[in-house]
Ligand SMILES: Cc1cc2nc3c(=O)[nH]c(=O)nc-3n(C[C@H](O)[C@H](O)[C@H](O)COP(=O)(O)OP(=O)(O)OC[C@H]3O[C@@H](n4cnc5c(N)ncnc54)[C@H](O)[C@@H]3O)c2cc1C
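Just the one chain here, laid out as structure tokens, in the form predicted on its own.
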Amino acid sequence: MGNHTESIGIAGAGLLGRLLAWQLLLRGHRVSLFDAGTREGIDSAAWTAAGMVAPLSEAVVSERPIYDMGLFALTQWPLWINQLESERTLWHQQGSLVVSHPQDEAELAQFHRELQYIIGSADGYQWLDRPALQNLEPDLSDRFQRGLLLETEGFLNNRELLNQLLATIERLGGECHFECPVDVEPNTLYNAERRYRFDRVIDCRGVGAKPQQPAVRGVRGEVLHVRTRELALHRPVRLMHPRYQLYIVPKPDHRFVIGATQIESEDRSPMSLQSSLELSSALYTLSPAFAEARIVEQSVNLRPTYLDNNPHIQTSDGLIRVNGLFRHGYLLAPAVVKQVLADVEGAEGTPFAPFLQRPLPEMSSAPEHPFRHSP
């Protein structure tokens, strides 16, 4: 740690903003947190997200450093959760399952080949035959003949985590300003009413930073929340399909989060009929017991990213900009937070610094595919 503490203003109270505020307060810094939304954080991508920490699942569609940072997350999240001392269970690590229907077996086999190629070993995952699948998740459809258990993956009770982080920030003396949009300059956060001066400013507003950072783009994601007492799942399940990869994540109170869509659009309007039908029909094929599940929420949000779909940290005198977590928020947050803390305190950089601190990609036209599905 550096030899002095600082006053630090943080713009954006999503996952990164709350984690940074908490960790900086623990290190003795004075922190003020600002957000345009409400204290619950319901407008943030972190609230809408499923909260998965799934480095193996993401390895086949991301650059190698994303996988490496995900492995770090699997060790860091349990430590952080223990620090928070929540009365509720916030962290689950029973692995995740990847399955396919018999007619889509080639998709599962291809996923396995790519995983082998990228991580170079069979550590962390294993094949399960039909009886083993049924033993692990009895309520899954018995149509699945085999699946991959990704043994180390985990997930968070993300909404309760956001609430717990805020409560801890306030208990530690952090100053919080909600429904208070701000823009950023070195050492300054400001709006039409006031200018706030700090030793350092950290901008982690996600898509909210776009007016000042045109390189940021939002990628639309849509999820369903359903509730049913007819079945239980103990870990996330991914369903491989030629057109999309659906995921379902169990949550408290007999609730499940289901998603798959990734749309190159910054439209925040309600979920499309197509997405609703595809998510619902795929969910039903995972288990017919979902037929009587009640849809309790349909959520849409924008994942902040750059053209290379990778995170970037830009550090200058009095200002750190951190953005671009894309769909990897909970996966990458521990590594990104550790690097920002090192930048603030002048400490030796983390092993992820060369990846995170690269120049932003050149702006160009939008990606060619206006609509696609991915995990």
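Just so you know, these numbers come straight off a predicted model, no measurement behind them. Residue numbers here begin at 1 and follow the sequence given.
Keep in mind that the form predicted together with the ligand is missing from the display, and what follows is about it.
This chain appears without its partner; in the model of the complex, the one residue of Ile169, Val223, Leu140, Ala282 with a heavy atom within 4.5 Å of the ligand is Val223.
Interface residue among Asp68, Asp43, Glu63, Asp308, judged by heavy atoms within 4.5 Å of the ligand in the model of the complex: Asp43.
The closest heavy atom approach of Ala347 to the ligand in the model of the complex falls outside 4.5 Å. Proximity of Tyr247 to the ligand in the model of the complex: non-hydrogen atoms within 4.5 Å are present. Contact annotation: Cys180 falls within 4.5 Å of the ligand in the model of the complex, judged by heavy atom distances. Not displayed here, the ligand is approached by Arg327 to within 4.5 Å at the level of heavy atoms in the model of the complex. The candidate site formed by Gln23, Val201 and Ile313 is entirely out of contact with the ligand in the model of the complex, as no residue has a non-hydrogen atom within 4.5 angstroms of it.
The chain is drawn here without the ligand; in the model of the complex, the stretch among 101 to 109, 300 to 308, 85 to 93, 226 to 234 whose residues come within 4.5 Å of it by any heavy atom is 300 to 308. If you take 46 to 71 and check each residue for a heavy atom within 4.5 Å of the ligand in the model of the complex, you get Ala46, Thr48, Ala49, Ala50, Gly51, Met52, in sequence order.
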